[in-house]
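There is one chain below, alone, in structure tokens, taken in the form predicted alone.
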């Protein structure tokens, strides 16, 4: 069975290697065997080890990668994450692509874990958004789960979210929901973005199942929760930070969507060192 990440990895390798690794092929003798290890250079939640395994498999199936930790484990600077053994040329050629994936996904998992820990003890759940790196959505959403968060819709085809531009074109919340109810499967829940308390009231009356409470001041958000709790699933979004996420969770919302856990997570610092 093909690994679900195989095609993404194939494209990444083609982009980096092109017609061949001229430096490695010129410097490293053919047949040279070596051992290496991947080291954390900062604290992080590790994510992406199965992806790295697939990178090296595609470069040369003789490379053996032996993880020392598992996806989801926390590590500190200096900790060994994995060991590698095999042809030196293959390890050097696959190094950058493998580390790019591991660094990016560990960054997503690490910041997600921070948000999750901030709201521990509340009933709220951290979820991601569609603000992902093009082509990497599936992997970054995997990293969110590894960090302890949950996934919002994967794409436009698996969930209904009526946003402000939909509302504007339809002429209002009520009409937008009415149009959606006429075409949506009974299995699809209808979510409506609300920026005011009037929209919250209108969306509930129109039959929305989920309310996206967008960019509301904390006081307004609390009023919206008091109005709609128990009648709709409630999601808070917009300007969520590590500094205010606890306060948002304590209003009683069910979900808190945070775009920055994928679009601004940053990469973690790692090194591959030969023995």
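All figures in this text were calculated on a predicted structure; none of them were measured in a lab. Positions refer to the first chain, counted from 1.
Keep in mind that the form predicted in complex with a further copy of the same chain is missing from the display, and what follows is about it.
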Mind telling me which stretch in 245-253, 223-231, 65-73, 29-37 gets its heavy atoms within 4.5 Å of a further copy of the same chain in the predicted bound form? 29-37
In the predicted bound form, which of the listed residues (90, 124, 116, 82) lies with a heavy atom within 4.5 Å of a further copy of the same chain? 90
Is there a heavy atom of residue 154 no more than 4.5 Å from a heavy atom of a further copy of the same chain in the predicted bound form? yes
4.5 Å heavy atom contact, residue 103 to a further copy of the same chain in the predicted bound form: yes
Test of understanding: in the predicted bound form, would residue 206 fall inside 4.5 Å of a further copy of the same chain by heavy atoms? no
Find out whether any non-hydrogen atom of residue 148 is located within 4.5 angstroms of a further copy of the same chain in the predicted bound form, and reply yes or no. no
Those residues of 235-264 which, in the predicted bound form, come within 4.5 Å of a further copy of the same chain by heavy atom: 235, 255, 263, 264
